[in-house]
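Heads up, the chain below is alone and in the form predicted on its own; it's given as structure tokens.
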Amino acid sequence: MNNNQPIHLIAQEVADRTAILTVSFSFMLAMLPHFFHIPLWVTGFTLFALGWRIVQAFGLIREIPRWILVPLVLVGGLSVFAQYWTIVGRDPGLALLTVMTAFKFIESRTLRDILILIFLCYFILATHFLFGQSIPIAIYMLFTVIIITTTLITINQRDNTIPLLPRIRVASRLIALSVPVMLVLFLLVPRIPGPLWGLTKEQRGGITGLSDTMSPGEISDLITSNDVAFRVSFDADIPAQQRLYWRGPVMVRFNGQTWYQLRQERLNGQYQVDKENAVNYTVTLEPHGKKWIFGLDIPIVTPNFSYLSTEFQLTSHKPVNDLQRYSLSSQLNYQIGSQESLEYRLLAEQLPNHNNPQTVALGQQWASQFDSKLDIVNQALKMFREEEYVYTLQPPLLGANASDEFLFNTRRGFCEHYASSFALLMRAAGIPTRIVTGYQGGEINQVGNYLIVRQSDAHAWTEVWLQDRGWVRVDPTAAVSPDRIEKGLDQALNNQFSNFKIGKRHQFLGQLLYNWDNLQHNWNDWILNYDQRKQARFLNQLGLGIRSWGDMVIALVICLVVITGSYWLIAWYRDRPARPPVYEKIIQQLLGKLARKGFIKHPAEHVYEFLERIRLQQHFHDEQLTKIFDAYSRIKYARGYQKEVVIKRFRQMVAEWKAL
């Protein structure tokens, strides 16, 4: 096939079987991770469309007529709308794009159609950043873009005789040449405020994490997740495990089954903390789609994108839909809420009507039995500690009076069971109480010296309000299972819990996983979190005087000119004429002598042909000239003759020869 056809003829050229198969393979690679994100019927239809087109390429079935295809396209679009009730957003947009691309496969005929499909593959590949930006995703995308580029090269060459490996090498070389340009654009393009891939929480489907409500069973379900909630780097030593309470949603409303948050109001007053002995640290928070962020009890310095609520909950101005990195200071020894308003304290004492009568009765009994509210708190903890209560990840299901069933019947529960029942007991005894959810503990990565906090570290505890002391943290779980707080969940539930801690695995495997997690941590820090602040600091450290957006644009243009100029110089150097060997220069001297005598060698003429020609033309035989040509032939074609001593002798023979 002629590869020099006019472009309008190439566009009309019918796609062959190789083009169909290669672009189908590229599309499957680009779509593979997305099959976990789109509805099952979209996946099934996509596989059907690709299968139909491949079988059609082998001539086993006929193509679908266009008069049937057009109504099918309309049905496909309406089906996506019926699935999501919108076509705007990440998930519905991806589903619609997948369905329409599948239809494009069915109706593809020419090379122009195949090229459109290849460009759609590039576009679909970029959408993976909407679902994740981790190192494995980046590696997979790099591999896939090489395959798609190889397909593009194959389609444009239209020569099936070229082996696959050389085409992959060409594609890899093209992508490698783009890496310097990519780095320059990444480092110097002015960073806009906010994340590049900002999405609404509705678009962040599948994100796991704490909820803004709490009822028995919710946190125990979350415990089975190995997902990282956040990582923490401390400026000094990492505090002891039992002091690592990562404060999250605070809940004060209770309807007998579920605890709820109040509307978060900004804290305007002061609270008593010793800022001199604060713990300083940096949190890298994974996206969870909610507004709360996490810090150790109690934060005393808040990030500029957040505020501290009246319940001492760190709250972001916007949902955390992308990786967030922030620095905090916390005081682990604190006193808060000593001047709490009467209105809020009354709210924190409210009891639901007609629920859990046994629990309420026990709390009221303690109120009449003990004069001190602290004694009531200690009595509840003593009950959990000394009676036959079991800390378990698999508690029995509870009914409408969950606290009554738990405290007096099953006596088996997880942290939310103990926190909820304890809070209800305290309220029945007239003690203001609220629930705090968050995370407790974490695993130290020895490689990077930072803390890994997973979803499996989720926890719930309580705060009671005491006169002259304010809000005091009380963790009922610590009374039932001290190992949960001091050593972690894997020690407390060794037989029930699938251990996610890296340090509990084989030493060699654990070291590999620590290094991998440290690599992911650095990736989050330097790549995903490369914001305006980091860019300004990096450019300032270069000492090149780049301070404003204008300076960055000038530097960007200069770097791009230097890179493209370097590529041009490299190409020119590689394509330049090769310097002739020494023996060729020597033979040119001989040919010059012959030319002055009228014997001119033609460019395409071999030396022996030249010698034979002048012999026949002039009828003479020069043995010395024959020896020179023989020496030249051995030096050029035979092994072992391109030595300095041989070249020197050859030069001498040419210098001594004189034309007859």
Partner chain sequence: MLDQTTPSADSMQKSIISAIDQIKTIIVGKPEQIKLAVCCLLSSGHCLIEDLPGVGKTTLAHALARVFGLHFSRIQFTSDLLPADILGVSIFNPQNQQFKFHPGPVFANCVLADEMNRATPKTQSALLEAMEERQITIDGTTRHLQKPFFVIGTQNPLDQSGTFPLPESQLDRFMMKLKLGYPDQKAERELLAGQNRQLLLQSMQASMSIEQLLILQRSVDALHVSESLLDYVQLLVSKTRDKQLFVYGLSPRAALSLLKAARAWALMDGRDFVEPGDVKAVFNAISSHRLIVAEQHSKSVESLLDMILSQTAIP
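Treat the numbers as computed from the prediction; the structure is a model and nothing was measured. Think of the rigid core as the biggest set of C-alphas that the two forms share within 1.5 Å after superposition. Positions refer to the first chain, counted from 1.
Omitted here: the form predicted together with the partner chain. The next part is about that form.
>> Can you work out whether residue 58 and the partner chain are in contact in the predicted bound form, taking contact to mean some heavy atom pair no more than 4.5 Å apart?
In response: Judged by the heavy-atom cut-off of 4.5 Å, residue 58 is well away from the partner chain in the predicted bound form.
> Does the 4.5 Å heavy atom contact test between residue 636 and the partner chain in the predicted bound form come out positive?
Replying inline: The answer is yes: residue 636 has a heavy atom within 4.5 Å of the partner chain.
> Does residue 612 reach the partner chain in the predicted bound form, with heavy atoms at most 4.5 Å apart?
Replying inline: Result no; residue 612 lies far from the partner chain in the predicted bound form.
>> Under a 4.5 Å heavy atom criterion, is residue 63 part of the interface with the partner chain in the predicted bound form?
In response: Contact with the partner chain, no.
> Pick from 627, 621, 597, 602: which residue has any heavy atom within 4.5 angstroms of the partner chain in the predicted bound form?
Replying inline: Checking each option against the partner chain in the predicted bound form, the one that comes within 4.5 Å is 602.
> If you check 608, 36, 41, 48 against the partner chain in the predicted bound form, which one has a heavy atom within 4.5 Å?
Replying inline: Filtering the options by heavy-atom distance leaves 608.
> Just one stretch in 66 to 74, 22 to 30, 49 to 57, 628 to 636 has heavy atoms within 4.5 Å of the partner chain in the predicted bound form, so which one is it?
Replying inline: Of the stretches listed, the one contacting the partner is 628 to 636.
> When you overlay the rigid core, is the Cα of residue 578 off by 2 Å or more between the shown form and the other one?
Replying inline: Yes.
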